[in-house]
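Have a look below at one chain only, the form predicted on its own, in structure tokens format.
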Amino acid sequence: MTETIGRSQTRARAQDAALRQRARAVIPGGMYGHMSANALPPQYPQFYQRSLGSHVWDVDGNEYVDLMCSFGPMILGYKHPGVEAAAAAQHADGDTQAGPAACMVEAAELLVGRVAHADWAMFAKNGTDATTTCLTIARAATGRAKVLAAAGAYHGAAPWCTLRMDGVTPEDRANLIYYTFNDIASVRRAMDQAGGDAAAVIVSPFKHDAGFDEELVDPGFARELRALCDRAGAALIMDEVRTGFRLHDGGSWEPIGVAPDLSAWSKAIGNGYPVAAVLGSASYSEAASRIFVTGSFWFQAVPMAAAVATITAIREEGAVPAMQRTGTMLQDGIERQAAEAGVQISLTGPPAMPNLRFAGDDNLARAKTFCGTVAEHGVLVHPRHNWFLSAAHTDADIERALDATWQGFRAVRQQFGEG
């Protein structure tokens, strides 16, 4: 899955500029959500023409190594042959139909067989669908209202969890109580505050709040959290939307022996096809059967077929160790470059999802200089969000990325000096 790619090119942006102008006339703000390039450095394109493997091309024909993987969905690379063949075969038979196709059952069977804590599966479209459905099931099962969530964590774009408060009412957050990730004492305090009305605790496999250092979970915290939920009769919900199948080819906490009751999945499970999943233990099956959640396109067959092919390929093609290897190569190179450039950084997170921050960079000026320069040299990373590795990234991609990051560190040093 390669094409001949030239490293040096003139980065014309006329088509992108014209599309931005047209978009501003018909789309609020010109673009919205996490795909908006409005707050990014000017070297970033907003609109893209095509993608293949670990590379994308913008509407002006500029080519990039993509270390954002469309913010996570592309775990095997763009246009993975096996996934595309499965999707095309199902599309030839049907997609949006009078009811679901057989591949929905196959996808559920595969997930239940792959993820240790799962006894059943339900499907939706987006991560927000999945996390919200988990909360609904927990409340139906327990008859309680309160949910404990880590302060600053992102669990979707619905009013109950969005990080921006415009259009959100106090009532939307009335049943949320916050704790601090990796601080079990804060969870106990939040549980006491719930006063016997805690339906669930929702947690991410590791802390990946945008704009902050990433923090891997303390296994002791995870085990205590599981025990605390058991004592309180509350569901433990794992938000796997961003992390699912990147850290482990089952559930992310399986290696430390901690199983949630419910988990929310999306992004990478369909390698870019729109599908999300809720997985749960048998004790929550009856409650899951009672709630009413649905969507006009939740039962589409093509994404289900893509999910089957994706989840199968993740294990058969060794995607997790591949991302671990190339991600480690990238992290090691970046740390060497920062030291050589005399620039202080904080590089955190697992190799498949690294996060880079600059010391004393509260306004992200250094990060934007760095990432803008990197984009100008043909590599896409983000100044505030964690990056993503895919199984399609090659050693040559990482070498090219490191060529670009070196230019980024030089630009930071030139503009801001040492530190």
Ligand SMILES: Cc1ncc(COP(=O)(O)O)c(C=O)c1O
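In this text the structure is predicted, and so the values were computed from the model without any measurement. Just count from 1 along the sequence shown to find any residue number.
One more form of this protein should be noted, the form predicted in complex with the named molecule, which is absent from this view; the next part is about it.
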{"query": "The unique member of Gly82, Gly333, Gly156, Gly349 whose heavy atoms fall within 4.5 Å of the named molecule in the model of the complex", "finding": "Gly156"}
{"query": "Proximity to the named molecule in the model of the complex, single hit among Asn182, Asn126, Gln324, Thr136 (heavy atom within 4.5 Å)", "finding": "Asn126"}
{"query": "Interface stretch in the model of the complex with the named molecule - options 170-178, 148-156, 189-197, 302-310, non-hydrogen atom within 4.5 Å", "finding": "148-156"}
{"query": "is_contact(Ala222, the named molecule) in the model of the complex, heavy atom dist at most 4.5 Å", "finding": "no"}
{"query": "Ala141 within 4.5 Å of the named molecule in the model of the complex, heavy atoms", "finding": "no"}
{"query": "4.5 Å heavy atom contact, Met104 and the named molecule in the model of the complex", "finding": "no"}
{"query": "Contact label in the model of the complex: Val241 to the named molecule, heavy atom within 4.5 Å", "finding": "yes"}
